[in-house]
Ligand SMILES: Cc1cc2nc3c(=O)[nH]c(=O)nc-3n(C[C@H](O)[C@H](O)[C@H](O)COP(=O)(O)OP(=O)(O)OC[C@H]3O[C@@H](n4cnc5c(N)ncnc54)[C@H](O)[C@@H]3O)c2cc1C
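First, one chain by itself in structure tokens, the form predicted alone.
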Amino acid sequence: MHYDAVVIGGGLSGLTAAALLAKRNLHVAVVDRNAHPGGSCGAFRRGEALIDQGAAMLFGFGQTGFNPHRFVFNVLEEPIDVIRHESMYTMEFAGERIEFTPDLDRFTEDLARVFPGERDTIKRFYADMGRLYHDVIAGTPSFTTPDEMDGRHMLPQIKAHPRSYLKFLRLMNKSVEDLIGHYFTDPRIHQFYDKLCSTYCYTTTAETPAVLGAVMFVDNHVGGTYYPAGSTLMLTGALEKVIEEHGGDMLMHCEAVEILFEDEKPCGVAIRKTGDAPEQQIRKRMGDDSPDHICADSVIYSGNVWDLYDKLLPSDRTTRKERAWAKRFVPTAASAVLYLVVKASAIPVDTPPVQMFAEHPEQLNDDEITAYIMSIDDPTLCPPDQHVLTVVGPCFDMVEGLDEQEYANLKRKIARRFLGILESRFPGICDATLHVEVATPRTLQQRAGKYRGAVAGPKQMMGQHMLKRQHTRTRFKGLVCCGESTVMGTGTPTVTISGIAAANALLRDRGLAPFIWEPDLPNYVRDVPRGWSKRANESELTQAARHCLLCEHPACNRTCPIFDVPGIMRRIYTGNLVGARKLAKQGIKTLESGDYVISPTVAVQLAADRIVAQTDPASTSANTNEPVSARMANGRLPSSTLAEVAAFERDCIQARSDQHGTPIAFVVSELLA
């Protein structure tokens, strides 16, 4: 099949670019090696708990300020519910607890309490940064990257605030250390901003560009922090929904192995099926492991700069200088993530959902962690007597070259370290822990595409910052880039902007209208209160989808490798019934072709029938509504016994026992219940 554009990588930037192109009626495909899209912005289940696997504190949804997420959903005309955190987060800094609130005046007062000698300077610093922010960033939002910026769009704003723009430009090649050095003399407050930069950007004040610091120090309070109601799955799921509703394809379990060229122009991507992809299981049995080719007019790459030049671009298409340039980028420090399900009694009721720990301000230590407890604001993530935590921190241990036992010991070491830090803030949390899981840097590379566990990609640091990074456009016409390696760097708002820029670049090349901010855009982002839930209005099908564990190696697919059951259920949960129905129909078509003999358990096929029936009431085709027994009797299904089918329909198989003894219901049994 030929596409207008193929997107390599289903993370937030790639999904944003693909959704915007699909909205303009371009035929797009997204390829990703994982079972589910989203990269580090996604979630998984353990028992009844839904746990965020990475990004959870989201900037960019504010009603004012730097709000690219809100802009994207407004131009896509796609509704999404978000919960605004009343208190954004707290930082445990050298024995002091500093609360970051949307009220900037309240925050500066709290900061002055910790650094009383700098009270007046703190006020002046935030007043100056606030003026720059409002004049340059928030006045007339420009949701694009500096390399793609249209000066004509910015001209009225520059004329209105010339002094602010001049000051902002002077910061382009200065660091945050240079910036705060003009204001503060207390070395402790320098250490505070060092920790703040480390938390936001994984860089020190000496490394962080001043323009980035000037924006983030103010925007966090103006725009606030948000959480998608129902987990981060709802954010990436909504983007996936737009793609599929407009005829695009989500090709999961597909690893891009090479960007294809015709003459000097990219013309598609070579992919190889991975993991437990249904098609891959079939092909393995046939002894076929050759890559497939996806043809496209344009290619969007949303991965890291190292893989682009080292793996995906053919060596005869790049120069030695280009490959050396890419290798020189310094990655952010490797990270590890601890996932916890704990008894609710372990977390005090007044706890903010995000906790930062920086007890040793003089240097970056492995006890500098951030804990996200999103079930505080969204109780639908787990049972009422539980909380879920995603805890992120640095990992200085060597991961490569470990044998199985050494790797298991490393995971235990990381878990003990993180739990020890949490115990100091939440006494008794260790005894209240119900489930523990660790993602090492190796895990983050495999599951989220994070190069060597660098969760923020290449450092956004002086010398490899802003326009010195990978630009949106490459020297190959038709190949554009987005993601953490590009000009804007790390963070959910910035990678979203990079996705907007990539989509707009291709739209302009085609003579189509780009997506540009307008003051009267209708609003599709609904702010819902803390604790809000829409479960009471959920359909039976959506309620059933909540029981899918979104397994990496699902037993249901091993039983019947024709249907992507977790993919179907994920789409149902996020409201993407078009995508769920599409997958179900694909499975039915394969099954009824009789080309593949499945096991006697036809569970997934029956589930697919139920999905089609409930999501497509207008469907009246014989193939959809004809009973399974009749199709079997007519010879249109592989042989089995009517008794086995009836027994399955009656009993609704229950499976127990993942390794933690959590009761799990097969996706199919929930659909048929």
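Each residue number is its position in the shown sequence, starting from 1. These numbers were taken from a predicted model, which means no experiment stands behind them.
Omitted from view is the form predicted together with the named molecule, to which the following refers.
Quiz item: Among 79-87, 254-262, 428-436, 183-191, which stretch has residues with heavy atoms no more than 4.5 Å from the named molecule in the predicted complex?
Solution: Flagged stretch: 254-262.
Practice problem: Quick one: from Phe143, Phe107, Tyr372, Tyr133, grab the residue that has a heavy atom within 4.5 Å of the named molecule in the predicted complex. | Solution: That would be Tyr372.
Quiz item: So which of Val565, Leu233, Val337, Cys197 reaches within 4.5 angstroms of the named molecule in the predicted complex, heavy atom to heavy atom?
Solution: Contact with the named molecule in the predicted complex is made by Val337 alone.
Quiz prompt | Residue contact check: Gly213 to the named molecule in the predicted complex, 4.5 Å heavy atom | solution = Contact with the named molecule, no.
Quiz prompt | Exercise: Gly62 in contact with the named molecule in the predicted complex, heavy atom 4.5 Å | solution = Gly62: no contact with the named molecule in the predicted complex.
Quiz prompt | Partner contact for Cys41 in the predicted complex: the named molecule, 4.5 angstroms, heavy atom | solution = Yes, Cys41 is a contact residue.
Quiz item: Heavy atoms within 4.5 Å of the named molecule in the predicted complex: does Val28 have any?
Solution: Heavy-atom contact with the named molecule at 4.5 Å: absent for Val28.
Quiz item: What are the residues of 482-511, in order along the chain, with a heavy atom within 4.5 Å of the named molecule in the predicted complex?
Solution: Counting only heavy atoms within 4.5 Å of the named molecule in the predicted complex, the contacting residues of 482-511 are Gly483, Glu484, Gly491, Thr492, Pro493, Val495.
Quiz item: Given that the distance between the C-alpha atoms of Cys254 and Gly489 changes by 3 Å or more in the predicted complex, do they end up closer or farther than here?
Solution: Relative to this form, farther apart in the predicted complex.
Quiz prompt | Direction of the Cα shift between Gly489 and Gly130 in the predicted complex, where the change is 3 Å or more | solution = Note: Cα gap between Gly489 and Gly130 shrinks in the predicted complex.
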